[in-house]
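Just the one chain here, laid out as structure tokens, in the form predicted alone.
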């Protein structure tokens, strides 16, 4: 293995290309471009909002410094009573649960089906008189059963919110996800469909909801210059220092940990979020510096998603019939495969598989495993999750191994992963 051999990785800013790194490097030396110019009619953040709503075909879009901030703005715009029950699926990230808790509401978890999305049958069982809102997550870019779920929401007078953090560009019945509910939110985090390290968007077609989200956005401050600087450093250090040294006795991993401890780089999820607490950098507007990075990625979206679909098809053709459980195909949906999920047979141990993969410089552990709310060290009690309430989600979390599909995964990388899995 070469000293500077970059690993095959599923996370660590996977979408970043050379032009993104150059752009981030230029921005570091152009601090006057970091924040919105209040005396200008159009900032780069507003430009991103305009391009985003035109792409999705929605009336309103609002940029925030993260998907969590966008999600919080939507929840707060609904003006619900405290302790209102909000339904969402298990097998999700704590970033999908915490905004509910931070807003004073109560999360109630619904089990998943074979698509890794919310199970309509279990959904029916979990609705109570206190339930007012339902979050529909499109896991790893695979649209949920929107027809069935929307019907249930309508019959029970529930407000439907789409969690599109994984699914920018995915379609259902030929319509892009994000326009099926009252509102939706997207994430541009470091390992999402497009990435600006941090960033997110709230969208809606509802005039009243839009007015309230706009009011919330205008009251938000922008992040500090130091926080912006941390995010701009991320793609540069990851690609030129951290990843090249990963193959040398895991040195790259320790460099990353060191930078995070020294606050040179930020973490995708702050440690206090795993305990249900809110970091101080939520909620904020999206700074122009990150909007510039997001715009550059957004203009490559179609190429990114076309590539993901091709890699996913390669995995399917080479892994079918080998005993792995592969993603179910919904005839009404056009997924974008932010990940390609493989469920291992019961006799295989995912910990062992991932350990052996690391020994071959293949980093497949994206944290979406082991527990029904990820990362695995999330405090489930703080998330209000009741053990055993979603058995399929708990089982899936123990069996799943996600495979990378991003723009820096080429056929030879996918073939290496396939060859590795075939050994088992």
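Owing to the predicted nature of the structure, the values given are computational and were not obtained by experimental measurement. Positions refer to the first chain, counted from 1.
Heads up, the form predicted together with a small molecule isn't pictured, but that's what we're talking about next.
message = For the three residues 68, 166 and 189, which mark the spot I'm curious about, does each lie within 4.5 Å of the small molecule in the predicted bound form through at least one heavy atom?
response = Affirmative, all three are within 4.5 Å.
key: Residue stretch of 111-119, 302-310, 94-102, 210-218 approaching the small molecule in the predicted bound form, non-hydrogen atom distance within 4.5 Å   = Single hit among the candidates: 94-102.
request  = Evaluate residue 185 for contact with the small molecule in the predicted bound form, applying a 4.5 angstroms cut-off between non-hydrogen atoms, and reply yes or no.
outcome  = Yes, contact at 4.5 Å.
query = Closest heavy atom of residue 223 to the small molecule in the predicted bound form, within 4.5 Å or not?
reply = Judged by the heavy-atom cut-off of 4.5 Å, residue 223 is well away from the small molecule in the predicted bound form.
message = Can you tell me if residue 231 lies within 4.5 angstroms of the small molecule in the predicted bound form, counting non-hydrogen atoms only?
response = No - in the predicted bound form, heavy atoms of residue 231 and the small molecule never come within 4.5 Å of each other.
inquiry  = Can you work out whether residue 143 and the small molecule are in contact in the predicted bound form, taking contact to mean some heavy atom pair no more than 4.5 Å apart?
reply    = Although the small molecule is absent here, residue 143 would stay clear of it in the predicted bound form, with no heavy atoms inside 4.5 Å.
Contact residue in the predicted bound form, chosen from 297, 239, 85, 137 - any heavy atom within 4.5 Å of the small molecule = Spelling it out, the residue with a heavy atom inside the cut-off is 137.
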